[in-house]
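Below, in structure tokens: the form predicted on its own, a single chain.
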């Protein structure tokens, strides 16, 4: 029987770890980088006590390929890193997507480009959502806006990874990583009952051999494989998650994800108290993106303002979603500065002024 939830005060990084343990993660492979270092530190203590595997690899590349190996065996496994480290993992992520392997990747992103700084940023949106590695592939991307969501979405990430046999990324940032909040957690549970693992490479016995690969050299074989993947990615549309806040009568809808969505919600609440009809749409799944929801709102001739902690990335997807009836203004809070609700008030009011 599942343990009764209890509330504890934890940082976002620890919530990620506790969610992974509760989801039955059997193997963790990582390498240190700020601001996610609490994750390998916590799991290095907890996983061995539970009879599970913790490996600090010699590099991010090695950690990602260890994840690939565990995934091929049908094992619930995870890696984590932050922006530059995720870049090094991209080749293996592409291989996992091409081989249809279930794996969870956590990115607690930091400022960039390059080494940037160790503060928060949303500059990894393109990399996460568009497939940062080579070739045509997609991974499901979940973006928590609270520490509770960080816990819950890691558990969901494992379930989605095995449901679709596909990599799933949890995209947070330094704010979510280091923020402390009360979280309702479950007691440590036994690993879940085995999913359909008729594809994995664990043991052979008398059955025919199994092959997991992303290399297709036969005539038209790769085209057929990509057609199969395309159908799978389209089927992920039913997994769309989002938060809708005061949008029904809103003249302007702010679209923001993750920690920025949380901050923007405070701005929206404050402007409502001042009589301004503002709402918020916060995508929780960045892929699949809530395009249909935004499109329906655009039909109502509402204004849109996309707010991001970058130079402008998700705004492209917002504009695609609303393009038949509207456009989206954009405000980018530059990485390297920590935003507050006050920072978003003037950009919102300026766009509302354009409508008058």
Partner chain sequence: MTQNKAVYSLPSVLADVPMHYCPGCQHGLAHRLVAECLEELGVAEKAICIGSIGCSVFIYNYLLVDTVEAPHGRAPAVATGVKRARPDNVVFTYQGDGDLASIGLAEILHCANRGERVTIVFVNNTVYGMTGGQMAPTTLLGQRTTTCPEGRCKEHEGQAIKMCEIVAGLGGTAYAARVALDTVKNVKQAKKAVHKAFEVQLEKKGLGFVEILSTCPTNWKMTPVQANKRISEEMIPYFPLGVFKDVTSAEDKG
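Just so it is clear, the structure is predicted and the values come from calculations on it, not from any experiment. Numbering follows the first chain given and starts at 1.
Just so you know, the form predicted in complex with its partner chain exists too; it's not on screen, but the next bit is about it.
Contact annotation for the candidate site: 129, 227 and 310 all lie away from its partner chain in the predicted bound form (no heavy atom within 4.5 Å). Listed residues 181, 117, 91, 152 were compared with its partner chain in the predicted bound form; 91 is the one with a heavy atom within 4.5 Å. Checked against its partner chain in the predicted bound form, the candidates 236, 284, 212, 163 yield a single residue with a heavy atom inside 4.5 Å, and that residue is 212. For its partner chain in the predicted bound form, the listed stretch (172-180, 236-244, 95-103, 152-160) containing residues with heavy atoms inside 4.5 Å is 95-103.
Mapping the unseen interface onto this chain, residue 274 falls outside it, with no heavy atom inside 4.5 Å of its partner chain in the predicted bound form. When contacts are judged by a 4.5 Å heavy atom cut-off, residue 222 does not count as touching its partner chain in the predicted bound form. Put simply, residue 46 is far from its partner chain in the predicted bound form: not one heavy atom of it is within 4.5 Å. Proximity of residue 269 to its partner chain in the predicted bound form falls outside the 4.5 Å heavy atom cutoff. Using a 4.5 Å cut-off on any heavy atom, the residues of 55-74 that reach its partner chain in the predicted bound form are, in sequence order, 55, 58, 59, 61, 62, 65, 66, 68, 69, 70, 72, 73.
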